[in-house]
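Given next, in structure tokens, is a single chain: the form predicted on its own.
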Amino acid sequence: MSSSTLPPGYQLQFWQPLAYVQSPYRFFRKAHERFGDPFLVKTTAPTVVTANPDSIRQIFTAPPETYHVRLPKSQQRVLGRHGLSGLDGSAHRQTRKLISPCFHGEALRHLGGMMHETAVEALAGWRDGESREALDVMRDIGLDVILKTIFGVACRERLVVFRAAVLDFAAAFGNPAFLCSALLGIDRDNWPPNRRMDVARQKLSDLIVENIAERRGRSAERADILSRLMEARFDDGSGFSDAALVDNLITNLIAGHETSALSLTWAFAWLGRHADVAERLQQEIDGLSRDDDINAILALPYLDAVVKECLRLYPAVPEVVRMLAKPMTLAGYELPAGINVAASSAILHMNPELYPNPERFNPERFLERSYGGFEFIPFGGGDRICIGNHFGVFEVKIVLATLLSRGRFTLLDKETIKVKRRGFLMGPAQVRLSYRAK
């Protein structure tokens, strides 16, 4: 094998981004089946993809200077230029050091009560026997969780205003026209999907800046993440600028809102199709003395296994991408600087050697063995692992346990699950639930 060659892949590139948009799971798995591991595809850029745990280990453990970040303008429109996702090198390390404690340990546990409260409030709006689309319900819960715990929005009237701005923003970046424009590199400011995105983001940014200014005018202690970020200080004593606070909050909104809602929707989709799993989980949750005991919820082993299995089957992010700042030898191929390398959870999580009968929903697999950080990667890995990984699992466990402890849900659509695009992510096409209070 010549060291100057790239891995095999599809010859024609123009159709690949469109196939990727339609179904990244199918796109990656078919390429892997045809070309082996690793393989070369074109999504937003030429990308060498692997699902081999040893190669994934190499990608995740490479020195930080192996990679750099060059966000295309389409991503800057959404994420901004001052947030963690757009930084590399020492700026990334220093910023991550400040943000990370806000999403872990005791800081996170203080937010559990808000999550429980939000789920209880959502159930109060359901009538016995009523049916609803699960994703709509879980989106509403997830949005309020983020607005309360991360953005620090407590006033009910203010929540209404923020909800409207976030939904406009989500509609703009989830618009298929904007997504296709991003993949095709259409960056013109006057292009309608881009213009709509810019307007929606500016509206949300203005609200966040108002919230920041209001906080600075008050001395009350708050447990929300915005308050903690405002108090955080770099080694030189400086704090985050308003622009950095805005960009980091919006990044966490994007990373957390839809992903948590989809994870919860998948949970109800699978539980409704697997009565034995649903019964075992229900018994475990019914054994709680109180459904607001956050520590007890987090200690439930079968709940943990169910959540992990939901994350395994349809990971919200089907590939974890890094851009090479210097050449890398991967699986015998000498890859040039400037190309992307990606670890694909969409393929890895279907490896029958790691996950026997991988298409089967089987939470018990996570009770029977543990999986390393290069075998189970729903949140990526390495020093750029999703900073909200603990927050996301924490939220899904609390909300799911609260809902199941207070009601009984029946899945109304039990035919084969169809997966469709939900903005930047993929999710179940339809999950309708009927509800009865306990």
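The numbering used is simple: start at 1 and walk along the sequence shown. These numbers come from a predicted model, not from an experiment.
The discussion below concerns the form predicted together with protoporphyrin IX containing FE, not included here.
Peer 1: May I ask whether 296, 402 and 405 each come within 4.5 Å of protoporphyrin IX containing FE in the model of the complex, counting any non-hydrogen atom?
Peer 2: Spot residues vs protoporphyrin IX containing FE: no contact at all.
Peer 1: Work out which of the listed stretches, 77 to 85, 192 to 200, 347 to 355, 207 to 215, brings a heavy atom within 4.5 angstroms of protoporphyrin IX containing FE in the model of the complex.
Peer 2: The contacting stretch here is 77 to 85.
Peer 1: Should residue 96 be counted as a contact of protoporphyrin IX containing FE in the model of the complex, where contact means heavy atoms within 4.5 Å?
Peer 2: Yes, residue 96 lies within 4.5 Å of protoporphyrin IX containing FE in the model of the complex.
Peer 1: Decide whether residue 317 counts as a contact residue for protoporphyrin IX containing FE in the model of the complex under a heavy atom distance cut-off of 4.5 Å.
Peer 2: Looking in the model of the complex, residue contacts with protoporphyrin IX containing FE include residue 317, since a heavy atom lies within 4.5 Å.
Peer 1: Check whether residue 103 has any heavy atom within 4.5 Å of a heavy atom of protoporphyrin IX containing FE in the model of the complex, and answer yes or no.
Peer 2: Taking the distances in the model of the complex, the answer for residue 103 is yes, it comes within 4.5 Å of protoporphyrin IX containing FE.
Peer 1: Given that protoporphyrin IX containing FE is not shown alongside this chain, does residue 388 nevertheless sit within 4.5 Å of it in the model of the complex, heavy atom to heavy atom?
Peer 2: Residue-level check for residue 388: yes, a contact with protoporphyrin IX containing FE.
Peer 1: Could you tell me which one of 27, 67, 379, 374 places a heavy atom within 4.5 Å of protoporphyrin IX containing FE in the model of the complex?
Peer 2: Result of the distance check: 379.
Peer 1: Let me know the one among 256, 363, 272, 152 whose heavy atoms come within 4.5 Å of protoporphyrin IX containing FE in the model of the complex, would you?
Peer 2: It is 256.
Peer 1: Scan 233 to 268 and note down the residues that get a heavy atom within 4.5 Å of protoporphyrin IX containing FE in the model of the complex; none is a fine answer too.
Peer 2: Going through 233 to 268 in order - heavy atoms within 4.5 Å of protoporphyrin IX containing FE in the model of the complex - the hits are 251, 252, 255, 256, 259, 260, 263.
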